[in-house]
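Shown below, as structure tokens, is a lone chain in the form predicted alone; questions about how it binds or moves come after it.
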Amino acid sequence: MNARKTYPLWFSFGALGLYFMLFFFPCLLGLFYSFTDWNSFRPELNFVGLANFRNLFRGNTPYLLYFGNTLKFTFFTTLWKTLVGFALALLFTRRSRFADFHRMIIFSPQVLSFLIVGLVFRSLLHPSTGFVNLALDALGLGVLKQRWLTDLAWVWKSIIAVDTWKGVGYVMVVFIAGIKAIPASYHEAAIVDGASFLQRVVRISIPMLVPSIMVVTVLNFTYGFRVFDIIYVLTNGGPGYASGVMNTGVYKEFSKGDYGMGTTLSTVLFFFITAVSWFIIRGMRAKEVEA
């Protein structure tokens, strides 16, 4: 057995069995049910082919809006978390007396649950009793008051701001680890050559941080496409369908008993996440710079 090196395969059978039962098999069942009219109103199950998928792309349904909102949320939260996280990482890798304390403060929202964050900010952003609008009134800036979570012009700005606040600490930590892994000799040589701080960031830090950028981008994209908690707690997909995303759509379909359409939305989301993640990883690996 040792000569053939077969024993690691035996050790993996238990984990593979659990993975198959708890993940792979349910995925296959979900794919099967997406081709049916499974619902809570009739006991029989009928095969409907691609009918559910065609319904997703009809103009008079909210599904295209869900998909567009998911793309919007994913793009802007990924962009802002990456930019702000990178800026904070550059700031807190420079020598500072209280750098560790500041890192801890900025990272601390990451350990809070989405439920807690959503409930707190829903209270803070309430149009009449929320702290934000009351504080603006107290400062004589009542003209800046908004219906943050119920106004179509502000709902997405508010959601993206809250999610960025919660998640930027994790991105900052990833970038700090990447910056500290860059050999100091690179920056020392650039300083001797007269390179400014901005030139060193553009010419050294960013190319060397491509692996970190790839990790951050993939994690943020997959999170953005799967988002549910923060939006459900803040707005429940409202006003109307304005802030609904794919997973709030899945929840609503299952809530009203249309399990076939719910699994169809889940299936489309799964394949879309897989495809986008693969292209991101493949594209960034081609640009990766060896340290």
Partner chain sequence: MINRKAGMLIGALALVLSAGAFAQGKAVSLSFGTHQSGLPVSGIVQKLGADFEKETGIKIDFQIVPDAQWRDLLKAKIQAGEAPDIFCSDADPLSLYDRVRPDTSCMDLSGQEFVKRMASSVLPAISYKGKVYGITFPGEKIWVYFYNKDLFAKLGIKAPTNYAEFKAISAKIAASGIVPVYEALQNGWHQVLPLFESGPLYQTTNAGLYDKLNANAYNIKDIPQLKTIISQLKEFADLGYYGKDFMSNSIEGDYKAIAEGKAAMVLEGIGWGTQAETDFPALKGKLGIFVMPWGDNQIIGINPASNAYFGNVKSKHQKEILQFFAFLARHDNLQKRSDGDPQALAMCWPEIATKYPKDYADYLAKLKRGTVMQAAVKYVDSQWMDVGKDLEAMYAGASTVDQVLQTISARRDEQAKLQKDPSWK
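Residue numbers count along the first chain shown, from 1. Predicted model, so just to flag it, every value in this text is computed and none were measured.
We do not show the form predicted in complex with its partner chain, though everything after this point is about it.
Taking the partner from elsewhere, N236 is found to have a heavy atom lying within 4.5 Å of its partner chain in the model of the complex. When contacts are judged by a 4.5 Å heavy atom cut-off, H126 counts as touching its partner chain in the model of the complex.
Contact annotation: T93 falls outside 4.5 Å of its partner chain in the model of the complex, judged by heavy atom distances. Its partner chain is not shown here, and in the model of the complex it never comes within 4.5 Å of any heavy atom of Q110. Scanning F53, Y232, F67, Y33 against its partner chain in the model of the complex with a 4.5 Å heavy atom cut-off leaves one residue, Y232. For the options H187, R147, K72, R103, the one in contact with its partner chain in the model of the complex, meaning a heavy atom within 4.5 Å, is R147. Listed stretches are 238 to 246, 219 to 227, 262 to 270, 24 to 32; the contact stretch with its partner chain in the model of the complex is 238 to 246, by a heavy atom cutoff of 4.5 Å.
Applying a 4.5 Å heavy atom cutoff to its partner chain in the model of the complex picks out F254, S255, K256, G257, D258, Y259 from 253 to 271, in order along the sequence.
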